[in-house]
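Just one chain follows, in the form predicted on its own, and it is written as structure tokens.
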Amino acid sequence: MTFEPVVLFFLLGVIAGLARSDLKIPGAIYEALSIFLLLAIGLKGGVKLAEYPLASLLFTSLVVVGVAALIPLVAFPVLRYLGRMSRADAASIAAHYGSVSVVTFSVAATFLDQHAVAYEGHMIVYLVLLEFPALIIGVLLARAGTAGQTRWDQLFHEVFFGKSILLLIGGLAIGYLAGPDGIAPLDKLFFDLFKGVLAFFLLEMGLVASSRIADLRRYGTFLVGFAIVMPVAAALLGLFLGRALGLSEGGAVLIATLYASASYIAAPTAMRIAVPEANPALSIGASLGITFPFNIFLGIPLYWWMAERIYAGS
């Protein structure tokens, strides 16, 4: 089996972290890498989006977002009653799994490119739209039946004007307005260097993930199982939805990957503001320590394999 090279950089980071190596990526460089990736993903999506009439995406976007709302609504009672977690922790983790991971999406797109699997260019629109609805649902689940007060103005500002959403939407708009010809002078910077920058970013993610594994000890087997089973179940939902919407096989794989991914950038920030009583070690430990490596090593190839069988049998 041949691994996508950028994924092996993540493995290198995990090994370095577990071995307690002195390898570190300075915070300023990590910040620059994340800004680059978010902008590059947005720009590429905007250029592709210019090829489609926006009105044609309205219905499918509403369906994709509406179905995705089921993920945190199903995850919450599983965590609350089967996992015996507090309402705050269950809601916070559910919000993480209902939201999406930009890096997991980019690894899936790179995987499909490597295998010459075509997919619709407007998938970036779903990536942007799926980032924040689960965060709102998570807050509502946490606050239901309690007297806690949520600073909704602060939450909405953090979600909509936080770094990830702002750069994704900004890049999307710039790419859409500039079009293929206008963005061509920037191709070598944002598109040709994308995989190299992603490799450095995944190296850092490996270092971080290795430090989060210990956070799962409290809930042990249950949370580890949830962090694997939930993504696979969500991916199946995404694959059948993609097939029902008439997406290509590659497009269905990306929808499945989005549904299967868990946020570890936007969600922790939003939950820290809205649900401060939740333990971030549990949500980040599960999403980044288990689900993220599972998806990039096993999940994405599995979703592709499942997509081939679903599409072959239809």
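Residue positions are given as counts along the sequence shown, with the first one as 1. Bear in mind that the values here come from a model prediction, so they are computed numbers and not experimental data.
Omitted here: the form predicted together with another copy of the chain. The next part is about that form.
(request) Classify His157 as contacting or not contacting another copy of the chain in the model of the complex by the rule of any non-hydrogen atom within 4.5 angstroms, answering yes or no. (result) Yes.
(message) Whether Met306 contacts another copy of the chain in the model of the complex should be assessed with a 4.5 Å heavy atom distance threshold; does it?
(response) So Met306 does not count as contacting another copy of the chain.
(request) Indicate whether Phe226 is a 4.5 Å heavy atom neighbour of another copy of the chain in the model of the complex. (result) Phe226: no contact with another copy of the chain in the model of the complex.
(message) Within 4.5 Å, heavy atoms only: does Ala50 come near another copy of the chain in the model of the complex?
(response) No, Ala50 is distant from the partner.
(message) Please pick out the stretch from 238 to 246, 68 to 76, 122 to 130, 164 to 172 that is in contact with another copy of the chain in the model of the complex, where contact means heavy atoms within 4.5 Å.
(response) Flagged stretch: 164 to 172.
(request) Would you check whether another copy of the chain, in the model of the complex, lies within 4.5 angstroms of a non-hydrogen atom from each of Val6, Ala19 and Gly196? (result) Yes, all three are in contact.
(message) I need to confirm a contact call. Of Leu203, Ala88, Val232, Leu112, which residue comes within 4.5 Å of another copy of the chain in the model of the complex, counting heavy atoms only?
(response) In short, Leu203.
(request) Could you spot which one of Leu82, Ala144, Ala118, Leu189 gets a heavy atom to within 4.5 Å of another copy of the chain in the model of the complex? (result) Going through each option in turn, the one that passes is Leu189.
(request) Could you run down 20 to 36 and flag each residue that has a heavy atom within 4.5 Å of another copy of the chain in the model of the complex? (result) Contacting residues: Arg20, Ser21, Asp22, Leu23, Lys24, Ile25, Pro26, Ala28, Ile29, Glu31, Ala32, Ile35, Phe36.
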